[in-house]
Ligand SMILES: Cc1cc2nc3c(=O)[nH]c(=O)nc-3n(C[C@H](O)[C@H](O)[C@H](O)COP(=O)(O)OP(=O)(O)OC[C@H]3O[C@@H](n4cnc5c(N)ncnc54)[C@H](O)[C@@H]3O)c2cc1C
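What follows is one chain in structure tokens, specifically the form predicted alone.
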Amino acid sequence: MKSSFTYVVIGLGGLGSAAAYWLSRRAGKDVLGIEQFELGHVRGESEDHSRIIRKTYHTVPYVRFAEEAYRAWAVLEEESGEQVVVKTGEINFWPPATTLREDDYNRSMAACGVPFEILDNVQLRRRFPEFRFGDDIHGVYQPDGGLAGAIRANAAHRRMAQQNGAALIDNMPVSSIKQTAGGYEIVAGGRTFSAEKLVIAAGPWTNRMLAHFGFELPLRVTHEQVTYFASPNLGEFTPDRFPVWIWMILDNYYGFPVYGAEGVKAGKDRFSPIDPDKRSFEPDVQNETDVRRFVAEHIPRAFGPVLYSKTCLLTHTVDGDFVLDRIPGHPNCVCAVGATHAFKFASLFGRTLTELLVYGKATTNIHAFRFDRPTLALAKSDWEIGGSARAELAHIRPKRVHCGDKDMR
């Protein structure tokens, strides 16, 4: 394999695989993707059967970005011949006491012309009889919501990148990145490569890569999990019969129809900080117990023996927003951080990173995701753990910023 490339992508998880694909559509054999572990490994953030995709967001830019994400996924589906987005409809359940602002979501969707319905408890029972909630719960239904098949989508991105001529190498941890007169020199797995332009999509290991540029972002990595239930009524929970759903409160519950595994999937936010190199793959017993109790009470026909629980890492920014921008002082190096809720946007991330490197600007509005925004200037000491911060956002986020979403849902 040659050692000199126009574009090098570091990290081949959900976002990096997408970047390799979109770059390969333009540059073919001039694209190299480097992964520190094996391709498709489960040590990171995006290797599970499903992630929620939706247009229910709290700001107009996010709703617009979500709409564009559907279009980016459609390109991959057309070129790969494989369906990776399955529309099931999405129902958000709003309890009377919540840490989120429903009006922000509804106003943003309305401003963008996204259709949705507000359902009272009587309408919920009629439309979605699988759920059991009290009379004080109402819901918002959006028909375009559904799931993105993460494992399938990642594999399709990588397969198509290679089909376009890109080289993807795994088990090659990066030990050095140096700027040169013509770009960058990367040492990975004992080999040296050169690149004119560079993508950093390293997920939980982002700051390890940014250290080579003298930067560090206020990031925190947490250990999350989901549980699959071997319901005796699986036929009632197929994607054509059962929507994705979210309990709209932190720490929230969320779930999926049967897809990829013979079980109904549900999860609950944990926000347990962890060193990504020292993580455990053992499920958290209390979290699994909480999810079992929620499903048994509120989706009783989905309940059954635990098929398995699966752990995952998530990378949080201090303000809950993405990083999708050039590294300051390095116009030919872009960085992407998913901020826990990016997988639904993964193919759009790949397209946008490609636009930044090839054309110098993105076709979508990414101003809120810039590297130099004020909230990313916060020192790590500004992160609050526990106490009242949890009531507004989560116990790992500062009180003065909004709530984002999480990738596993």
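In this text, residue numbers run from 1 along the sequence as written. Values in this document were obtained by computation on a predicted structure and should not be read as measured data.
One more form of this protein, predicted in complex with the named molecule, exists but is not displayed; see below.
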property: Candidate site Gly14, Ile52 and Trp205: all three near the named molecule in the model of the complex by heavy atom within 4.5 Å; result: yes
property: Option from 81-89, 98-106, 196-204, 116-124 whose residues, in the model of the complex, bring a heavy atom within 4.5 Å of the named molecule; result: 196-204
property: The single option of Leu76, Val221, Val174, Val318 touching the named molecule in the model of the complex, heavy atom within 4.5 Å; result: Val174
property: Heavy atom within 4.5 Å of the named molecule in the model of the complex - residue from Val295, Ala156, Met248, Met209; result: Met209
property: Proximity of Ala342 to the named molecule in the model of the complex, heavy atoms at 4.5 Å; result: yes
property: Contact of Phe229 with the named molecule in the model of the complex (heavy atom, 4.5 Å); result: no
property: Touches the named molecule in the model of the complex: Ile10 (any heavy atom, 4.5 Å); result: yes
property: Contact of Cys312 with the named molecule in the model of the complex (heavy atom, 4.5 Å); result: yes
property: Members of 253-274 lying within 4.5 angstroms of the named molecule, judged by heavy atom, in the model of the complex; result: Tyr254, Phe256
